[in-house]
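Take a look at this one chain, the form predicted on its own, written out in structure tokens.
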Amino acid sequence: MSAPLEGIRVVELGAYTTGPLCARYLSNLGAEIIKVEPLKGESMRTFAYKIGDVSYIFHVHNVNKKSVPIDTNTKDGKAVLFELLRTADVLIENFAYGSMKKWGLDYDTIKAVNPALIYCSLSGFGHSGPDRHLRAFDTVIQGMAGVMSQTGTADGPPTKIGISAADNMGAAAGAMAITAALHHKRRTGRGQHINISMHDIMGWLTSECWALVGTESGPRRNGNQHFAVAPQNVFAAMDGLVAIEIETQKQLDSLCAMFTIDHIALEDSKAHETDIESCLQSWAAGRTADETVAGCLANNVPASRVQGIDNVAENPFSWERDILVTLQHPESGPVKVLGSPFKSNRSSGVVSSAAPAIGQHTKEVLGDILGYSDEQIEKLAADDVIAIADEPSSA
């Protein structure tokens, strides 16, 4: 099978989550990812939850990549990077606005090196507007973009979503925009500068709430309940929690039939929320979670057991779908990481290698792609311009 982005070369200049994860998504679609990082490695290598000496998050975000550490602050290092960019289709960066220009790596400069390059910038607030200079991480974006204000119970404080939603959604949006730009490049031969704002993406995540802006009730936190349709909530069974959600009139009719409740129109369901939830809670309390789920599904009422991440990891479904795969890392040994989210009848998604060691592919990339001799590579390493895995720089 042939992956859809096979033959596409991406140079990643990224750190933390959004840029590296965006590149990882493209790698799952078959793109070649060359990760250009500092001589000592990207900062996330030493983040929390380590396997061996490498952060688990780094393992997840950097599957399939080739590591080429370059000191791009040096004249020779920048020359190496520019040679690499001449061979690339895409550049991904997720540094604070203005950083790339300060380093002489902004779009206009790189465009002169490779006019057909797709240059994707991922940042907290984009490259326009009054907040573009602000630095932002996931929690900050969730707070500023209104996501926190919609998360949690009505009588509790605004709450961060438990995962790094802004980082992950920003990465996915970047990958989507890049694939579209690649299609445009095939038609026109032209590159472009993509400008993704995590704040913009979080605005889309709250899209259904915007209908209530300016209304008397206004957008507000509803816990696990929906602002317009009922029931949607979590109910306690004898041995666990069950999530139940009604979205259609047919589903609501089935639920009413389960409890011999008179017909309720879906648009009026919120007015009957307390009574319906009382019936559901009393019914679930006398059953196991599995029995509760089975009873709902038998009546075409959507329901599932509320699972912890450990339950998901142990679920055979996760392994059948390759949600988790085991890869061999040169330093950490076997590591279980998330597989590819992209699957089709032509490609099951590329998950071919673990995250790289620092400088693991320096000789391969500079030699095979740029045609550098062994002597040139060794000289650059000796001058602390690049780093090689088996000959780490002293910098």
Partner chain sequence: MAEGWCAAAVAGRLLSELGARVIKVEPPEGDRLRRQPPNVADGTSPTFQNLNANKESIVLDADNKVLLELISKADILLTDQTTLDDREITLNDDELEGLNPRLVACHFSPFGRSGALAGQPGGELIAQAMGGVIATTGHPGELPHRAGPPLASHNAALLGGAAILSALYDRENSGQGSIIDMSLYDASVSLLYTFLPAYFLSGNTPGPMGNKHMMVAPWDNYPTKDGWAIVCIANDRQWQDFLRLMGRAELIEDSRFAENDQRVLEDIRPLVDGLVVEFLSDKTTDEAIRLLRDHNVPAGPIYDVPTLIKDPQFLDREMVHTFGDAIAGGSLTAGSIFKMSETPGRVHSPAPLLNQHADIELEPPS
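As the structure is a prediction and not an experimental result, all values here were calculated from the model. Residue numbers count along the first chain shown, from 1.
Separately, the form predicted in complex with the partner chain exists; it is not shown, and the next lines address it.
- Contact annotation: the partner chain lies within 4.5 Å of heavy atoms from the stretch 186-194 in the predicted complex, the single such stretch among 74-82, 256-264, 283-291, 186-194.
- Exactly one listed residue, out of M100, A237, A173, I276, brings a non-hydrogen atom to within 4.5 Å of the partner chain in the predicted complex: A173.
- This chain appears without its partner; in the predicted complex, the one residue of I201, A88, A230, I110 with a heavy atom within 4.5 Å of the partner chain is I201.
- Interface membership of G295, defined by any non-hydrogen atom within 4.5 Å of the partner chain in the predicted complex, is ruled out.
- The shortest heavy atom separation between G104 and the partner chain in the predicted complex exceeds 4.5 Å.
- Interface membership of K336, defined by any non-hydrogen atom within 4.5 Å of the partner chain in the predicted complex, is confirmed.
- At the 4.5 Å threshold, heavy atoms of C209 reach the partner chain in the predicted complex.
- Shown here without the partner chain, the chain has E320, R321, I323, L324, K336, L338, P341, F342, K343, S344, N345, R346 in 320-351 lying with a heavy atom within 4.5 Å of that partner in the predicted complex.
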